[in-house]
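Shown here is one chain on its own, the form predicted on its own, set out as structure tokens.
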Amino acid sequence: MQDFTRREILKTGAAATLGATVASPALLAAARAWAAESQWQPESGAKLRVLRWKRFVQSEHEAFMASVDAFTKATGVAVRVDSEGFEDLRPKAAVAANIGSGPDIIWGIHADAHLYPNAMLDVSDVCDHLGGKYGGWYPIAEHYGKREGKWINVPITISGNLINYRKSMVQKAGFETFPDNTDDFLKLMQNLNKQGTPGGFALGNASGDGNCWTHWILWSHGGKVVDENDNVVINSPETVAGLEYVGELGKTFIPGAASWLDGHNNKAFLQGACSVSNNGISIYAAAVREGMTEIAEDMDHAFYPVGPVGEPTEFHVAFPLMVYNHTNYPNAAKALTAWLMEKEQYDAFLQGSVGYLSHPLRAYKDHPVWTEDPKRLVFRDVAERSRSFAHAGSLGYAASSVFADFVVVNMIAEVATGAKTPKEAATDAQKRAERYYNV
């Protein structure tokens, strides 16, 4: 069988089709009208370098680049856009912050700006403008975007990470609909494994998929890294209960999941080897795009099952635009970030994202992209449902560092693979987290 990868399937090579990245006459006209009235007038001779993660949906990238093209033609600001993978981008973002040089804007992940807040440009004027114009920001966007009362990044989008599943395999395993609670979910995974169609979840240090499902498991049983006073409490009875659940769940996983990173589950799912996993809508988008009709018609998406805490405990992937204060052209940078979220182009951006990327501003909830295909609908609400990785404490350097060090992911993986007992894993995670909280 052909060896599919996420990049191959979604055509995410380094170069986009040139014709698709040129602004349409209507978009260009809108950009020129917007630029003439914008409160951010670029500096003379301004030029910007933007670093973003490699696109997972080609049509999203085309919409993004068309918007950049319109901005350049409307303002005269040359914009260079480079792309890196998630795991390559994050250290480069840190280097730029530490040396005070590099890209003017980095399309980062989660709350990385809180690792180096002093390197970030204050973009409160941009965010206040956008929030006032488009119905306000969802709480998760404001939480990640603000520090000490000011905005240190512009939350451009949030990517929903939910359950992807094969309907026929789930039904064969005895469930007419996907389970909405963790007890039935475990039964489903056990049945799927017995019938030779197992599911699987990333256990490697995956910034997106691995973090999302492991935090869900931790929170669903009442566990958390810290309490409301930032005391490290990950070694708790609730965490151990969640890990005991993980110990049983891990026995059902498809072989190889222990080393999965972002993208490996896509490959396994599209090869027909994996029946259930967590992901964005990129698996479905790939199946539709590549004419993989059997898989596209047979798969669907669901919210994460609710655990013993009795309420949703989801974690989704936030993407901020981080503007560095070393930029020589702060007005131009602010103008670009503001333009990228204005309705004239953001509508096209959401449409091109086909549900893979969602909105942090409330006004975009009614966008038709969510209802034109019923399989996208659950992704509409991810910004409303997402917790912060800092839950239930404050977002700062310590929380960001624990998250960046994959403390939760590693704890879950150790138990899921049988490397440690639940108590051993929780004890070790407590020690690792305490180092960052200076306990």
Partner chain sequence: MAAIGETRPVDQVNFLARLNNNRNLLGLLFMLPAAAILLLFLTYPLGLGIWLGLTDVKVGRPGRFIGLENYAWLFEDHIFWLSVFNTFVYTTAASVIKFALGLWLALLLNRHIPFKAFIRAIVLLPFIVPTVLSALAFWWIYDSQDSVISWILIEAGLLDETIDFLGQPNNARASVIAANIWRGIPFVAITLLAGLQTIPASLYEAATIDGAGEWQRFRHITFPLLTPIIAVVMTFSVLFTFTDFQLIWVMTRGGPINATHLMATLSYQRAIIGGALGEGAAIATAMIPFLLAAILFSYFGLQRRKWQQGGRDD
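Model, not experiment: these values are computed from the prediction. Residue numbers count along the first chain shown, from 1.
Although it is not shown, the form predicted in complex with its partner chain is what the next lines describe.
Trainee: Among Asp180, Glu87, Asp125, Glu142, which has any heavy atom within 4.5 Å of its partner chain in the predicted bound form?
Mentor: Here the answer is residue option Glu87.
Trainee: Give me the residue from Thr72, Ser236, Gln171, Asn205 that has a heavy atom within 4.5 Å of its partner chain in the predicted bound form.
Mentor: Contact check passes for Asn205.
Trainee: Would you check whether its partner chain, in the predicted bound form, lies within 4.5 angstroms of a non-hydrogen atom from each of Gln271, Glu414 and Ala419?
Mentor: Yes, all three are in contact.
Trainee: Would Gln58 show up as a contact with its partner chain in the predicted bound form if we use heavy atoms at 4.5 Å?
Mentor: Contact check for Gln58: no, nothing within 4.5 Å of its partner chain in the predicted bound form.
Trainee: Report whether the minimum heavy atom distance between Pro255 and its partner chain in the predicted bound form is within 4.5 Å.
Mentor: The answer is yes: Pro255 has a heavy atom within 4.5 Å of its partner chain.
Trainee: So in the predicted bound form, does any heavy atom of Ala94 sit within 4.5 Å of its partner chain?
Mentor: Looking in the predicted bound form, residue contacts with its partner chain include Ala94, since a heavy atom lies within 4.5 Å.
Trainee: If you check in the predicted bound form, is Asn231 within 4.5 Å of its partner chain, heavy atoms only?
Mentor: Asn231: no contact with its partner chain in the predicted bound form.
Trainee: Of these, 62 to 70, 36 to 44, 368 to 376, 393 to 401, which stretch puts a heavy atom within 4.5 angstroms of its partner chain in the predicted bound form?
Mentor: Of the options, only 393 to 401 has residues within 4.5 Å of the partner.
Trainee: Give, in sequence order, every residue of 260 to 281 that has a heavy atom within 4.5 Å of its partner chain in the predicted bound form, or say none if there are no such residues.
Mentor: The stretch 260 to 281, when checked against its partner chain in the predicted bound form, contributes Trp260, Leu261, His264, Lys267, Ala268, Gln271, Ala273 at the 4.5 Å heavy-atom cut-off.
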